[in-house]
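Two forms, one protein chain; structure tokens for each follow separately as structure 1 and structure 2.
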Structure 1
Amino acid sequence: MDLNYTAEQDAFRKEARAWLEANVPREPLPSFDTREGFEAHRAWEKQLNAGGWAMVPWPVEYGGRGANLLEWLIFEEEYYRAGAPGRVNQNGIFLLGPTIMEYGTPEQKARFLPKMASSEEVWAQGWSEPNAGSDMAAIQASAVLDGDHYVINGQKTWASRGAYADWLFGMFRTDPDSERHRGLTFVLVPLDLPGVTVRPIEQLDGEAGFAEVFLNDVRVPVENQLGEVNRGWDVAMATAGFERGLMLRSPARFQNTARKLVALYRETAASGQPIDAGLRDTVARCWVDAEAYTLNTYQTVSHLLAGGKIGSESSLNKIFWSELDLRMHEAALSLLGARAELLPQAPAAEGVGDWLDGYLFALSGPIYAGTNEVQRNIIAERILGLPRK
């Protein structure tokens, strides 16, 4: 792995920085967990797409600019540096998009990827079910073949972006006699079909970041099947690998939070407020860990560019970044003292309210994308070779 940037990569960074400085909204957009904010973020995604920055590593014909993953990391660093809005279609562009690249037919790539890049179609995750949270092999929602359609019945829950999204991706049991991870098929489901009921779920902040999705005799064309029938587990593991290992949480996100945390520490120290030495060490450790995660990601990308794949080691990444994110926000709240209780919209927040908002979200990090307990089991069994319980 060469840690020096080439002249072409430096030029790419300069181009990205110039576009973002000219186009990033001056004022923060409303939360995309509200209808108003969702549509404001969709409009921002369209602007990104018009500028050719919606998903830089994708081929040009699918809405990308043909960049490689190292350039994607550079773009992410510039994106967070510019304070650009969160990506409302992250389930699509970061998770499903790369999966369609790997498993989709030419027709599926042409049909779905351009509309995903432009956010004309925003995607929700349909992994969890009431009795199958992080244990995706326990999925019971069924898809029964009827001519050239699947008839889908069941319930998905905790569907990220589900309250306002246009489509949902997930696995459904296509072999009724199958068990665990066998007999599942990966299917793409429009959320405006007859028989689909979406019920928003409020988060801690009262906004609808998730949804329950009820599917009652929903007829989905077979052409929406991604990958082979009854082999959906293989497809889903590729999606989970992108989610845990690389695309969903770029290191730039955590470097940006670490820089803000160090700045908060310095402001607090300059104010004369006494700071516990242990808290000082925690702040320093968070900054070091964010840099370490960045270097590890560059190593992963170098491995992928050399023809490698992301395997079970993605579970190590997921545990690391989710626990780092939580530690950084806990440290910030400790520095803020009583001001830690201020939400962004509070009159006296004066810019510190984002820490509480971020903390509430960071609490979910060890749970979503597969709980950290499940990830530790994966590490124990598949990386360390320990026996199953």
Structure 2
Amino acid sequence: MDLNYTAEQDAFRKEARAWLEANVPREPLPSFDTREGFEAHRAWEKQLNAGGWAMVPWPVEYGGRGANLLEWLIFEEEYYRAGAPGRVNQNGIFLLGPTIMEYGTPEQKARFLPKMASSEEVWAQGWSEPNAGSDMAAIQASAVLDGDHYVINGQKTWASRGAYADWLFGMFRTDPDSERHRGLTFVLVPLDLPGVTVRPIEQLDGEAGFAEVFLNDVRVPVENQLGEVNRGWDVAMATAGFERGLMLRSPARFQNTARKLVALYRETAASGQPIDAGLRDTVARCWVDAEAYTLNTYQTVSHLLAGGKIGSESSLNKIFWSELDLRMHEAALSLLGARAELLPQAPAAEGVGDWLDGYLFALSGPIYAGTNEVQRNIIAERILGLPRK
């Protein structure tokens, strides 16, 4: 065990820091859940890609930097430290991209990955249906083979980034007689095809972060199938693992929030405002937990770099980061007191920051990527060995 960074890792950090300092937009971009913000984020992704920093852990041949996971963690720390914009194409970069690398044909890799890297094509998730959320095995939308095309019918909902995205990935039932997780196939669907109707859904924050997608006799070429026919479940489980696990939830995000929370506590104390005595302990706890999440990730990455594998452990991560994120935002709102409900345009909102917005987003953490209740069942059954029934 050696928790000191090597000279190469320090040099990598320095390089990332210098590029970010020179390139990160001075003013925060508008939310990517607005049309204007979406395009501004797409432009930022292009800039990142031009600098060689869009797909840090991807192999060089797919437009990445070929960095190992440790370097990726370092990059993420610098990315958040620099206050750089959120990644509008995270569904592509962190979820679908690695899945295509694992399950895609050479043609699919060449076709999809470079455009994902440049965010010329931004991806939406098509996991949920009105009757299938965390229970993905209940999927009903169908894909029927007709020559060299699938004819897709059905409805997807809560499709994150669906309002403005270019493509959607999801599972469709290819065997009409199948049950549960058998007979599903993973298909990549362009959202500009005839028969596709996208209806944006306003989220809790009032923006169109996700959408309903209606698919009516949509003809998708069969080469858009990812992995084997009727074996989409295996592909989706790999994607879900990336979603719950460390790729998408880099510790830097939570460290950054913990640091901001400590700063908020200091400012509030300095302003002479009374602070609930319990909040000091709460803030200390949050800071410790952000450390714990960081360390756990470094431990996992060391394990992976030494040739180890991870499986159901990503369910432990999912619960820990989502609840930590929520606790940190709740603590911040408590510190803000009456100002906690002010929108940014309120005259007295200066110094309130984006805690309210962050809180609304944090509320979705225990719901998406498989609800925390589903994760607890996974931990109990697959890690602790408790009986399923």
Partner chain sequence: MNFGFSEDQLLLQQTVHDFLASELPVDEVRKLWNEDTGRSAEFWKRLAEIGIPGLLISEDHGGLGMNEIDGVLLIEETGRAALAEPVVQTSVAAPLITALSSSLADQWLAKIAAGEALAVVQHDVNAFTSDAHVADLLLLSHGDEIHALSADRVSLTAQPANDPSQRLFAIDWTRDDETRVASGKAGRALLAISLDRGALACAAQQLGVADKLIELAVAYACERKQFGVQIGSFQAVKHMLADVKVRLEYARSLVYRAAHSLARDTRGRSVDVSCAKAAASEAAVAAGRIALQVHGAIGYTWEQDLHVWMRRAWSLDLAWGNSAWHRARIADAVIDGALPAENFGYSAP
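Counting starts at 1 with the first residue of structure 1 and goes up one by one along its sequence. By rigid core we mean the largest C-alpha set that fits within 1.5 Å across both forms. All figures in this text were calculated on a predicted structure; none of them were measured in a lab.
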Original post:
Among the two displayed forms of the chain, which is the form predicted alone?
Top reply: 1
**OP:** Answer yes if the CA of G37 moves 2 Å or more between structures 1 and 2 after aligning the rigid core, and no otherwise.
**Re:** no
**OP:** Could you check whether the CA atom of L360 moves 2 Å or more between structures 1 and 2, using the rigid core for the fit?
**Re:** no
Original post:
After the core is overlaid between structures 1 and 2, has the C-alpha of G52 moved by 2 angstroms or more?
Top reply: no
Original post:
Hey, core superposed, how many Å does P344 shift at the CA between structures 1 and 2?
Top reply: 2.5
